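One chain comes next, on its own, written out as structure tokens in the form predicted on its own.
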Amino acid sequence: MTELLDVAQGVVDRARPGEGVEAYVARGTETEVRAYDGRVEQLAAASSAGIGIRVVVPAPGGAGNQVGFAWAGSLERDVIDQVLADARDNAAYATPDPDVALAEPDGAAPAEIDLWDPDFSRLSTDQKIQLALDLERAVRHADPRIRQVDAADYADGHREVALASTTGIRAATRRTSAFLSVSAIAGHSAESQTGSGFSVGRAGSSLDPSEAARSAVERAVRMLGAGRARTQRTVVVFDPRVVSTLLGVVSAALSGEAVVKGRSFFAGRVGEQVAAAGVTLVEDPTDPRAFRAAAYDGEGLACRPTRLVDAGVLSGFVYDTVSARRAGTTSTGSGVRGGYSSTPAAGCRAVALAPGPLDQEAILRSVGEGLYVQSVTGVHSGVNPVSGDFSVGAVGLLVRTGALAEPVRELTVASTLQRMLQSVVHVGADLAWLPGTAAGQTLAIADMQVSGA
């Protein structure tokens, strides 16, 4: 990573008087394997490297600053020269903004977390292929009701990043990741149901194909014979994967950028009771179990835990430098960016609810009667982080006498995010870190509208 830091610092050292410069340099590799019907259907391996440069200059007349950004997928010297020139040119045409600025060191020390698995490079391409083939085979032979394996995928990658700026930021980080996923189709007569399973880790050797296969088969088979549930208001128990998705939406509303732009139903509510007393929500990218854990944010500041909701009370939001300046506060080390081709924005990497005392079986026993939602559809169109409106399609199983009963489909589950947070009755002890920005665990919410037959 020293080499990447040298590249970034070399750009920063060319800053002109009065000019702020930030260089974000990254490189990495990716491998993807897809198995289908006992054969390799797709194999791809790629490497990439690139740089993104931001230039900040004072606007004429003291109206704030102007920022220009440019990027390229190359680290050749002449390409970097052109990117810097383009960023300077773009800054000259940018709209002045008094809150635009580069991050400055704030004294927070980076967490000592190791996100690089040395076993990552020891797995050969043939071994990666075999993992995908073994996963596909395990699902096909797990249950006679499995008709087809829609896709069995293996993917991994490593990424190294370095960032330097004229404000004194110097940061470098690296991480590896690996992923197995599979989609199974179970059938009976003319009916088909789908279930998925996955396993994630820092290297292929840490993945568990048997667990991914078991989960996919179980989730597909148990939905066979699904009927329609009656329309009712009832307790809804959400599957951990669904909870991870829902927390991703909630976390978007907890972005300081969304708040200052009036795009969050949490705006203006700090200090208020926004959820049930059993709800504590923390953003902690320093937890190495999180899929998107990081020691540094997208601006080179140290990542740190941020308590967002404490025992139901809204504590605050996550900020990058610009959104913090607009809100009159300081960055929480929460700048996120998609890579060298994008600029940072405030966001979450690793949101999780503090676990409660009960596992899923105990929660179902406590609920007694209700609906267990295994998966949802229409989240992006049916859930609004600005208004809080919530209406999604769902499939799952009825909860009867404290246990999962017959499967049901073609449901709509509706409420508002505000009401849902206030109506949480159980937060599961079964916290699991899943791909994406949020962990998942069983979550029971009272008095939701379920529309069915």
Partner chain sequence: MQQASSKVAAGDDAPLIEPPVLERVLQVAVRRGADMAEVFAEDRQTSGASLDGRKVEALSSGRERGAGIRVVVGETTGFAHTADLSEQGLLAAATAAAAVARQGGGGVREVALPARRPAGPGAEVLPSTVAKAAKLELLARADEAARAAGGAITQVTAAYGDVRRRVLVASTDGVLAEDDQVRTRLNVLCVASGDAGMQTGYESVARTVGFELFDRVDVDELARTAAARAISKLSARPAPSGELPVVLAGGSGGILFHEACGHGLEADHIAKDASVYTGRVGELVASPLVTLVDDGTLVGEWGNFAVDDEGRPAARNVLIDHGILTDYMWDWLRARKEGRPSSGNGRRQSYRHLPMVRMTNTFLLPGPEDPEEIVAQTPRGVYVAKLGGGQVNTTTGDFVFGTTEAYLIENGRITEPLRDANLIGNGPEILRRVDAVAGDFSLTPGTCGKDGQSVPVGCGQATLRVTGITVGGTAA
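Small disclaimer: the values here were computed from a predicted structure and weren't measured. Residue numbers count along the first chain shown, from 1.
Omitted from view is the form predicted together with the partner chain, to which the following refers.
Residue-level contacts in the predicted bound form: of F198, W71, Y296, F291, one residue has a heavy atom within 4.5 Å of the partner chain, and it is W71.
Using a 4.5 angstroms threshold between heavy atoms, G382 counts as touching the partner chain in the predicted bound form. Heavy atoms of V386 reach within 4.5 Å of the partner chain in the predicted bound form, making it an interface residue. The partner chain is not drawn, but in the predicted bound form it has a heavy atom within 4.5 Å of T412. In the predicted bound form, Y340 approaches the partner chain with a heavy atom inside 4.5 Å. Each of D86, Q148 and S264 places at least one heavy atom within 4.5 Å of the partner chain in the predicted bound form. Heavy atoms within 4.5 Å of the partner chain in the predicted bound form are found in exactly one of 107-115, 201-209, 301-309, 148-156, that being 148-156. In sequence order, D126, I129 are the residues of 117-138 having a heavy atom within 4.5 Å of the partner chain in the predicted bound form; the partner itself is omitted from this view.
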